[in-house]
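There is one chain below, alone, in structure tokens, taken in the form predicted alone.
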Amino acid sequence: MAGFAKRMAYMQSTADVVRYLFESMTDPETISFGGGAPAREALPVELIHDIANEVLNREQRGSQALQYGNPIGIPDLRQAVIDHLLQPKGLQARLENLIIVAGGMESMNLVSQLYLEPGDVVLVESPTFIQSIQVFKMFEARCIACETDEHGLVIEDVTAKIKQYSPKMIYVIPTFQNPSGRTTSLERRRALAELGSQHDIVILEDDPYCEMRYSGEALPPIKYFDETGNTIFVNSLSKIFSPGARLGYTFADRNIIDKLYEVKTATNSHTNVITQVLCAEFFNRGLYEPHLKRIRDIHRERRDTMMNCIKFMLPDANHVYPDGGLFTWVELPEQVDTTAMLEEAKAQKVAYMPGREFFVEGQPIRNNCMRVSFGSVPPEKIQVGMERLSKVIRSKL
């Protein structure tokens, strides 16, 4: 049998964790705090059912939905993204600045294809999103972690790592970061855009949770401060529309979008047209804004329930209070190894993501941390699941 590519060995450990993540999410007996899915109740099932019944016929948009599409995406969905998602952030875009992709993960894949050579360095947050590490490793890039605190990336450490490693790219999740739930401050967002311009580095700004805000004031994206086109803004429609639709978008200067168009055609020709049509109609009919208010209310209740459970059930733990998103980051006493503890948690039918795999070279690996997601779990089950998890943790103290 032919041997697999060497890159498969580089990404094996993260692939194993991602496999566990999805398996735990689909086990009906397990209360899973592992995945990053939104609430089932937040999915606009009835709205999309009605839209599909009306437009998926020959007289409306049925033929368009079932035919090949433009690799850059259908025009009215791109315009809806500009009107409803970019302009409220202060981002000025034209249709040619936007490409519709197959979920947020494809943006990272396409941008990596466009820029990364084997051995290139990507600076990332410590900790950072596990699947982004998987993508960068697939392209044989070297991920180097930069220090973070409660305000996001520590700019002094980023600057030092730029001098030391001459990175091709800086990858950052500035709002309700995955996995920590923290938000990068306004000053550091501006500084990151300036660093990208000064050193001609790609700033890959991944912001899939920014609309999911439950408290606090919204901040402009890093891209808002970009004056040279070095920042690429990528986002997903999974949390505000549907994860199963596999839709996202990339916003960048025209010359970058033109190149991403070429990469896209060589990857999968175009993004699913049926889901693009349904999503465009969802925005165009004025359904997005009331839907967003509803899903914020649903997830705010779950955030608050989880924070109360951690406060009273895990009094020895430090944790992040997120103003939005789907995650919090829990730091347990040093003697607790959350990776080793995973099998016992599985036996108690509760799941979480151990912190180890969110760390890469450049910063210490913290074995006593875990990512806990509250998005897909109803409040009453959060209570039960946290009782199970706290029982496992207490046995280690």
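One rule holds for the numbers: they count along the sequence shown, beginning at 1. Predicted model only: the values in this text are computed from it and were never measured.
This protein has a second form, the form predicted together with a small molecule, left out of what is shown; the following refers to that one.
Novice: Considering Met169, Met108, Met306, Leu260, which brings a non-hydrogen atom within 4.5 Å of the small molecule in the predicted bound form?
Specialist: After the contact test, the surviving option is Met108.
Novice: Could you tell me which one of Pro208, Pro221, Gly152, Gly324 places a heavy atom within 4.5 Å of the small molecule in the predicted bound form?
Specialist: Selected residue: Pro208.
Novice: Out of the stretches listed (90-98, 236-244, 188-196, 263-271), which one is close to the small molecule in the predicted bound form, meaning heavy atoms within 4.5 Å?
Specialist: The contacting stretch is 236-244.
Novice: Flag Phe251 as yes or no: does it have a non-hydrogen atom within 4.5 angstroms of any non-hydrogen atom of the small molecule in the predicted bound form?
Specialist: It does not: once the small molecule is placed as it appears in the predicted bound form, Phe251 has no heavy atom within 4.5 Å of it.
Novice: Can any non-hydrogen atom of Gly103 be found within 4.5 angstroms of the small molecule in the predicted bound form?
Specialist: Yes.
Novice: Whether Ser126 contacts the small molecule in the predicted bound form should be assessed with a 4.5 Å heavy atom distance threshold; does it?
Specialist: Because no heavy atom of Ser126 falls inside 4.5 Å of the small molecule in the predicted bound form, the answer is no.
Novice: Spell out, yes or no, whether the shortest heavy atom distance between Ile173 and the small molecule in the predicted bound form is within 4.5 Å.
Specialist: Result yes; Ile173 sits at the interface with the small molecule in the predicted bound form.
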